[in-house]
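Single chain ahead, by itself, as C-alpha cells, in the form predicted on its own.
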Amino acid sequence: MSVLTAIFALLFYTATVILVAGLVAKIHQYARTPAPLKIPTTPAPTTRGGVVARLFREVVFFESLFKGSKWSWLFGWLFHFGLLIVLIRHLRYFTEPIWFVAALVQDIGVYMGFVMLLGLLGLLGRRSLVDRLRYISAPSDYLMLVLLIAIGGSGLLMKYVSRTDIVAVKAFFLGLMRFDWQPLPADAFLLIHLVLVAALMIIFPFSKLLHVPGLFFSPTRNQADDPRERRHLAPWAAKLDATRTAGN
C-alpha cells in the first residue's frame, strides 16, 4: 500500500466523521431551538397538510426564490438539479452491483455536470456584478461558489482532458467502506478533485450550505398560519405556563 493511498484513506475517514458528526450536531441544535412566536411567512397554509405541500414546493421548485428573483432561481435550480443527478451518478463508485437509479442516469449525468457548472457560474456572476447582492456577500459566500466550481471543473477535466482509471477509483472507495484499502491512482486531476471534495465535506456542517436541512426547521416555513385557532407555545414556554397555572 502506497503512502498516497494511506493519506487519502485517512483524509476521507476524517472528512466523513466531521461531516456526519457536524450534521447530527447542527440538526440537533435546530430541533432544540425554540420558536416562541407564530411567524410563518404569509401567505401561508393554515393546515399541516398545507405546510407539507409548501415545504415540498420549496425543496423541489424553490418557490420563494422564484418569487424573489427569477435569475437567481434559474441559476440556483440549474445548479441543484445538476448536482442531484451528478451525485446519483457517483453512486456507482460506492455500490456493487450498481443501483438501478445510478445506472439509469449514467449517460445524462455527464451533461448534468455542465448544467451544474453553468448554474454556479451564473450565481457567482450575479453575486459579483449585482450591487445589492455584492453588498450583502461575505468572503465565505464567494469561497463556497469557487470551491463548488473547482470541484465540478476538475471532475469534467477528468472526463474530457485527462481520463483516470475509474475501476481503480471504485475499488479504492469500496475498499474504504470495507476497511480493505486498495491503491488509489496518482492522477493529478483526480487527486485535486478528491482534495476539494474532502474540503467541502469538512466545512459543510459549518457553512451556509447547511440550508439544506435547515429549511425543514425554519419557523417561517414549517408553521401553519393558525394563531387564532390554536395557541402556539414553545416547549419551554409551555412548562412555564403550566408552572404558573399550578401556582395559582
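From a predicted model like this one, the values you see are computed outputs, not experimental measurements. Counting begins at 1, following the sequence as shown.
Below: the form predicted in complex with a small molecule, not depicted.
Novice: Taking the small molecule in the model of the complex, would A6, Y93 and P183 all count as contacting it (heavy atom within 4.5 Å)?
Specialist: None of them does, since no heavy atom lies within 4.5 Å of the partner.
Novice: Work out which of the listed stretches, 103-111, 120-128, 174-182, 160-168, brings a heavy atom within 4.5 angstroms of the small molecule in the model of the complex.
Specialist: It is the stretch 120-128.
Novice: Quick check on this chain: which one of L194, A35, L200, V51 has a heavy atom within 4.5 Å of the small molecule in the model of the complex?
Specialist: Selected residue: L200.
Novice: Since exactly one of I27, A188, V212, I39 fits, which has a heavy atom within 4.5 Å of the small molecule in the model of the complex?
Specialist: Only one listed residue qualifies here, and that residue is V212.
Novice: Contact with the small molecule in the model of the complex for H80, defined as at least one heavy atom pair within 4.5 Å: yes or no?
Specialist: Although the small molecule is absent here, H80 would touch it in the model of the complex, with heavy atoms inside 4.5 Å.
Novice: Does G153 reach the small molecule in the model of the complex, with heavy atoms at most 4.5 Å apart?
Specialist: No, G153 sits far enough from the small molecule in the model of the complex that none of its heavy atoms falls within 4.5 Å.
Novice: Does V115 make contact with the small molecule in the model of the complex, using a 4.5 Å heavy atom cut-off?
Specialist: Outside the cut-off, so no.
Novice: Evaluate I149 for contact with the small molecule in the model of the complex, applying a 4.5 angstroms cut-off between non-hydrogen atoms, and reply yes or no.
Specialist: It does not: once the small molecule is placed as it appears in the model of the complex, I149 has no heavy atom within 4.5 Å of it.
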